[in-house]
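Here you get one chain, nothing else, as structure tokens; it is the form predicted on its own.
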């Protein structure tokens, strides 16, 4: 029986753990401020805050799309809807939205309020840039976005001087009117909740982020036994060990993006993963989930292929095996994953001396769209400037994420215009796309070559 705090009220429900939170909020709790629209996590109208108790006793809040968030995944959490921020006077975020005329019809406004409030609670810098990133999943049909950005900028100005340590920020946010006083008691109240035991039987469906799973088959999952990997603290880590970056299978895209070892060793990923999806999805989607989903165009899978990543796969009985990501995909939506196994760890070799990495993606929208084609490149050059290592991956050009073969032929050559053009043509030849809604096969082949040229044209500073 999932138990959680909904705004100020403790909730224990016998609803299916697979019921999405949006339906519970609107249909059972009768809170209509959380809006239903796309049901795919694209519009942000259903945004809520999810607060989870941390080891230090604080509560970390993240803005999430409630239309893709199952009840079982919020067991033991604090859920905040716009009703949980209602009072007199208006919260600081609400007041700045009013003062900057950042709302017209109001349908999208609750989601914007929650996203900006989540930014206040969780941002590591409280910068305007991070405020805009926090809003990248909120679509507004009425205002344009200038007035919303103005409200975000005014918010950052009001927060100047606030500590940049999120876990020590709550008192100042309460005093400045960002969140109500009752937030102060939430950590103790969460400690008193009786969470449901993990259900991970042999027939259980593993749920990591669920951001694609609950788009594809929410009704079927209502009837299934679900095992929520977000509850597996042993799978929640990012660390450097023996020249490799090791990432637990429950780590979200956003936590990975912001992890100190990633910032140090793969700084380019911080910007690249903004293209993966919006904040309300990155806060739940996982690297492992993106891999197991086996989409031939998954951004994280394409990036990790180029970085020569490997997977640690754990069976139900605890036995482990290691598989290179390059050998994990067996066909369209088919993987080297047996029943009961899960990807428990992703292992990424640190870049050797002389190596650089770069990612490119072409899509109709920058943040909220599947790519037409995406490619990633890792190239290593020696002291004399010749190529000593070359890995090129591409998505959208075949039934599985593609690792372009035969690139050893370019070792010993300098990456001049002639060589780059030849590598681009090799990528075009390896691509076997089909015509679909994202473009013709001919267009995608052309893109594959052009993106290779873009990799080599990128300033070296952008690669690392």
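Residue numbers count along the first chain shown, from 1. Computed from a predicted model, the values in this text were never measured in an experiment.
The discussion below concerns the form predicted together with a small molecule, not included here.
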Please determine whether each residue of 42, 275 and 290 possesses a non-hydrogen atom within 4.5 angstroms of the small molecule in the predicted complex. yes
Since only the chain is shown here, I'm wondering whether residue 308 would be in contact with the small molecule in the predicted complex (any heavy atom pair within 4.5 Å). no
May I ask you to state whether residue 341 is within 4.5 Å of the small molecule in the predicted complex, using heavy atom distances? yes
So in the predicted complex, does residue 402 come within 4.5 Å of the small molecule, heavy atom to heavy atom? no
May I ask you to state whether residue 378 is within 4.5 Å of the small molecule in the predicted complex, using heavy atom distances? no
Exactly one of 215, 222, 323, 240 comes within 4.5 Å of the small molecule in the predicted complex through a heavy atom, and that residue is 215
Work out which of 253, 279, 77, 114 lies within 4.5 Å of the small molecule in the predicted complex, going by heavy atoms. 253
Of the listed stretches (257-265, 350-358, 297-305, 183-191), which one has a non-hydrogen atom within 4.5 Å of the small molecule in the predicted complex? 297-305
